[in-house]
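What follows are structure tokens for two forms of the same protein chain, given separately as structure 1 and structure 2.
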Structure 1
Amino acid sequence: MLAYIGRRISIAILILFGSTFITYNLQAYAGDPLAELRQSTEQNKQFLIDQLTKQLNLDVPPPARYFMWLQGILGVFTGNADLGMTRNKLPVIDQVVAAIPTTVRLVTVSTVLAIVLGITFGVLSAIRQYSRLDYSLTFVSFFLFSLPIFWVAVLLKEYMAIRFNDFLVNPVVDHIWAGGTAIVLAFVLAGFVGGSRRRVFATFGVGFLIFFGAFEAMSATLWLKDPSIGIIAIGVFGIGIAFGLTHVFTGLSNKKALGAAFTSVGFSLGMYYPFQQLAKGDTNYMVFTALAITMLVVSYFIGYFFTKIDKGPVIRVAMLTAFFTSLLTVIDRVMQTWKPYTELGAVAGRPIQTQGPVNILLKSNDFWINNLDLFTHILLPTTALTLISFAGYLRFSRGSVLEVLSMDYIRTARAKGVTEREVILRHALRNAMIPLTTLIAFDIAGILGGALITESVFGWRGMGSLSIEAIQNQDLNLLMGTFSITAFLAVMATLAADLIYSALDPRIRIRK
């Protein structure tokens, strides 16, 4: 095994050498870094050209210049890697290090969302194969597959940001819109619940009343100006979440799981007021993380002590319930900052932003205001990215689950009387997720590559827009800085995917 990994790593180094060499020369031949200067009319033109030539070693032919660059980057083994200078005489390494957190923040959120949502809907679509829900999800996923992201980005900017901000001035939905939207939402809800015709109609009716009522109440109280959930509503939602999760993971007949879920809700509600005290504006990520870990540990033990047999699913239900209820508490806390945030001079009543990762005019020390600012900036690009990559996960996990469900061992499990829930959760899902590891490994490696188009459309200075800028300005060292990191991760992802695959699936063995 070690020998295999060693061999693969040495091959990976060779591949990296080859691909950086090719990229370096491609880019060197793709443009003339002096083109702009040659056409300038300045007096000291020749001097500037000579200076840049000397600075970037342009008198050395590109294949040889590559080895000068390589010599610098190999310094990584002696502890002082030199990625060279950009055209503007800034160290490349600083540029890249500044771009990485921006990119990671943007792409991680959307990747995680796309994975979670895609797998959930994909599994749902597969276990209800050929239902109306399955057909609708198939259509939606094909539609999302076909969307050009730059086009969606413009639409999102217009409708989710500019018009929504205009709407916020007087957030009153008129009755026709409220009714229409409620019908659509109730229709979607009924589709997800499914079941007999009577149940579908009942869900539709109840859903319509709830949504319509919610819209009317939101208009009447101008809720969007100063939104909040409040402890009572959190309690109601929490009970709903507890029932829902218990139904999905163990079935409502499992009283232990239901009890554990309710205890988690109670615990989260009990934390509501202490949380308001602990997480004031001067809080920081340390306190926040500590609170989150406490919540998870406590809910783990709630699940652990609630039952003696088959602890796994009960613990899962307890932890997830506590997680979602606490999430509501946090959302409620963020909502409390919404009104002060929109009234700030730097925001001026237009909270949803279309450009850049943060509001640079905003000078606040308030933890919640800063986080809300991050949220209002990340909302649009994340929506665009999630929409695009969600479809891939949905199709892939649907196919994978269907493949597994047609296996003989699933038939065996059903034949010996295992309930459908257990068949899917315990027998099918685990095996169906194995092929997804490859996809996930590549996507996670792709995070640092950034999203070329999205970053440039939304004005985020991350790895993607840095690469575009480097190509446009013929800034060879800068491009190689971003590219070598991306290529390194791509090669490592292939290796990691192969290793994880063989570790998870005993049928696949690496040939020694």
Structure 2
Amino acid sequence: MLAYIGRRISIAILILFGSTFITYNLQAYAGDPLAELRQSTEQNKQFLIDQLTKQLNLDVPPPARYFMWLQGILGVFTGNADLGMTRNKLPVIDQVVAAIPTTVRLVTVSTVLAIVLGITFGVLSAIRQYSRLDYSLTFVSFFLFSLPIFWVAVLLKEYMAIRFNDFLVNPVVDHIWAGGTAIVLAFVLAGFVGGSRRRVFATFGVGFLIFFGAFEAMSATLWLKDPSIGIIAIGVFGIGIAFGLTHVFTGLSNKKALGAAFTSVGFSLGMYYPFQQLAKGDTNYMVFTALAITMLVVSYFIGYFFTKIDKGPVIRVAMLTAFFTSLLTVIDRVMQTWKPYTELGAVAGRPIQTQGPVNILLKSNDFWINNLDLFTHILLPTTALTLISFAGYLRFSRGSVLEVLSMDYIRTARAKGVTEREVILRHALRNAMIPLTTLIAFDIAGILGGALITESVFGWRGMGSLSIEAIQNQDLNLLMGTFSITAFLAVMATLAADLIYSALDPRIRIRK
């Protein structure tokens, strides 16, 4: 294993050297930083040309200049890494370090959501092949996959920000709109539930009544002006979560798992009021970390002590139930901040933001207001990126699961009497994840590459915007600073993917 890793690292170093060398020289020969100065009519034109030539070492041939740049990069081994200076005489490393947190905050959330949701719905689509759900998800995935990201971003700004902010002035849902939306949501719910025609129509009818009633209640109470969930609603949702997770992981016939899930719901509800007291405006992330660790540890032991055999699925059910129920408690606390946030002068009743990562006019020391501001700024770009990536993961995971389900060992497991749940979760899903590993690894590695179009549309200055700026200004050092980080993460992703292969499938062995 160590020899294999050593070989792969050596190959990675050669790839990094080759890719950076080619990129550096292509950009150096393609652009002319002196072009504007040569066309200038200033009297000190030659002085400015000589000054910029000296600053950027333009009198040195690009191949030799690359090694001068590489010498600064290799300083990372001595703790003196130097990515050079930008054309504005600013350290490149400072520009990159300032852009990375913005990019990570923007792209990480959308990548994780796309992976989780895409794989989840892809597996559901494969399990229920040629069903109403499968056809619906296939249509949605192809539709989203065909949309250009800039168009999606502009539509989100128009309808989820501008018009929604206008709607919040008087958030009364029209009866026709409420009925139409309730029909669509009920249709989606019926597709997920599936079953006989009678069952589908029954689900559709019940779903329509629930959704239409919810919209009417929201209108009557002006809920969107001052939203909340409350401990009773959290308890109802928690019970539903307990049933759902137990059904997925063990089946409702497993009373031990169901009991562990209900106990986790009770524990989460018991933490509701203590959390409200601890989560004041002057709270911090340390309090959240302590509460999260407490929740996970307690729910782990709940699942552990509820059964003596096959503890793994029961523990997962207990921990996930506690997590999602506790998440509702956090969301409820955020909702309590919604009205004070929208009434701030810097927000002016228009909470959904369309430009930049933060509201520079907002001056507050309240933990919840500051985090709600971050959320309202990241909502639209994250939604745009998630929708596009979600479609790809859904189609890819569906095809992968269908391929695995046709294998001989799956038919053998079914013939031996293994339940369909165990066939999917323990046999099919693990092997279906193998081809997805490379895609996931590259997407995670590409997080620091930024999102060029999305950052431009929503006014975020991240790694993507920095790369575009470097190309437009023919700033070679700045371009290489962003490219070298992206290239390094890409080659490390291939190594990580190969190592994960062997963990997912014991049949894969790495040569010594």
Partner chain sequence: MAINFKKKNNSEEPVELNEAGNEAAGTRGMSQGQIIRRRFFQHKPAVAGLVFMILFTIFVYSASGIHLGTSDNPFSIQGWWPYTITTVSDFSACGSGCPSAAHPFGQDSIGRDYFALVTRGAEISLMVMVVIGGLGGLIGTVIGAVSGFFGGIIDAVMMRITDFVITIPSILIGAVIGYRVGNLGVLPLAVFLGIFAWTGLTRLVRGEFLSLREREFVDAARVAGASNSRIIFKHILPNSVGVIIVSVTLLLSGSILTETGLSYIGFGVQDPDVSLGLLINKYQDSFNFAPWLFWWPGVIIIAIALSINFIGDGLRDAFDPRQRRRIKKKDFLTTSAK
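It should be emphasised that the depicted structure is a prediction, and the values quoted were computed from it without experimental measurement. Structure 1 provides the reference sequence; residues are numbered from 1 along it. If you superpose the two forms and keep the largest set of C-alpha atoms that fall within 1.5 Å, you have the rigid core.
The form predicted in complex with its partner chain appears here as structure 1; structure 2 is the other form of the chain.
Superposition of the core reveals a Cα shift of 2 Å or more for Leu37 between structure 1 and structure 2. Here Gln46 exhibits a Cα shift of 3.6 Å between structure 1 and structure 2, evaluated on the superposed rigid core.
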